[in-house]
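To begin, one chain is listed below as structure tokens, in the form predicted on its own.
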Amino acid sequence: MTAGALSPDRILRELAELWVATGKDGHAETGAGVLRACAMTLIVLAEESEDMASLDETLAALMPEHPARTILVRLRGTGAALAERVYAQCWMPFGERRQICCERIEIAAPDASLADLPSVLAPLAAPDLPVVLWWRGARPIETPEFASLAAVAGKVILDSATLRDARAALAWLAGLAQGGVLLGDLSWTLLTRWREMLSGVFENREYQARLAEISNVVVAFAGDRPPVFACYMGAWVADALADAGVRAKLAWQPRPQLTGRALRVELTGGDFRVALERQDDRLTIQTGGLSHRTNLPQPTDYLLMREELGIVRRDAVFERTLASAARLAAALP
């Protein structure tokens, strides 16, 4: 089936009919009808081999805070032709009688149809609202059709942790940003609390006065080479120190005892030391002889996307850090 056979006009008619039926059902069940909610169009591209039940749970959890017309494209490799279905995703807020519903469109797409997808997706976007493309997995960097699919959206969200080569991933992402693509990277999003905590240390006047003493920054990570999120953290710390007039030496340190997305960051100079490290579901920060812990849940797609979907404009700090991280990664042996 070609893109012409998968008609956006037909899908939109099915959506209109869906709302008529959903409204009638809502009145019949509660007498209060339904409220149609939509603040954006969220296009999700995911491999059909993924755990779709888990992805459905994530999307359902996002809807109350970020209601969207969700278009889930299931990439099926060498599968059958394009196919689609539409339905409503509803929930009832506590203490209310009226349901709130969002639209959901599912499209199954073989690789042979990727070039046709933009002509299907663009007309399906909700009018006059932001369009966000969340492309999961490692496929984007390998897909020739990426540029045309990204052009459908105002913002593209990826997770560089799924890309196999950190150096190549950062170079590719930096090139996209320089080319004008508005990007979100979940590997950057997971560092928000880390950056808040480290910045908070130097809101203390005593520690701020000792900022100039810092001469070394060590970023420790799991594995043999720094993953993308470690490169982001090192680049952000180095840039922040440089803005304060501090030139510190940045070093990478593989730690066999660390696993997954574990990370440790240490700033030292003379007898002054600041260190951050995840310990289970807590982030520990040590300054001098003091230690403070704060909750830091393990990163999930839901938590990361909940934050990222709230960012609709360019993130200048991220774009600067991305450029710096790409340069750091390029210089690694």
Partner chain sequence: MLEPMLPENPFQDPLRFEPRTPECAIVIFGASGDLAKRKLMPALYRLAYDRRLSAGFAVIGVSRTPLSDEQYREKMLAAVREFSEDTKIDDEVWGAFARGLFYVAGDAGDPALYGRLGQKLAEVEQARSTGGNVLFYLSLQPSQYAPAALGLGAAGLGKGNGWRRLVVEKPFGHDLASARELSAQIHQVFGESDVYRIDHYLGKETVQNILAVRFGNGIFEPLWNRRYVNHVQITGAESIGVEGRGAYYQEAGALADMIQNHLLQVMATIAMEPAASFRAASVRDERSKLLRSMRPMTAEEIRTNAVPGQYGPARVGGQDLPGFRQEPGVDPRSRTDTYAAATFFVENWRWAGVPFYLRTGKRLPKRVTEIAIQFNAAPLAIFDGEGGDRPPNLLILRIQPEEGISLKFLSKRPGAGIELRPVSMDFNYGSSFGERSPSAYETLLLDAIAGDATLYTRQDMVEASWAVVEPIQNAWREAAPDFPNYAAGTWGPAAADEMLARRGHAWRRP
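Remember, predicted model here, so these are calculated numbers, not experimental data. Residue numbers count along the first chain shown, from 1.
One more form of this protein, predicted in complex with its partner chain, exists but is not displayed; see below.
Not one of 22, 74 and 89 comes within 4.5 Å of its partner chain in the predicted complex, counting any heavy atom. The shortest heavy atom separation between residue 189 and its partner chain in the predicted complex is within 4.5 Å. With a 4.5 Å cutoff on heavy atoms, residue 305 does not count as touching its partner chain in the predicted complex; it lies far away. The closest non-hydrogen atom of residue 44 lies beyond 4.5 Å of its partner chain in the predicted complex. Using a 4.5 angstroms threshold between heavy atoms, residue 196 counts as touching its partner chain in the predicted complex. Of the stretches 234 to 242, 123 to 131, 248 to 256, 173 to 181, only 234 to 242 has residues with a heavy atom within 4.5 Å of its partner chain in the predicted complex. The contact residue chosen from 262, 83, 161, 100 relative to its partner chain in the predicted complex is 100, the criterion being a non-hydrogen atom within 4.5 angstroms. Contacts to its partner chain in the predicted complex (heavy atom within 4.5 Å) from stretch 281 to 309: 282, 292, 293, 294, 295, 296, 306, 307, 308.
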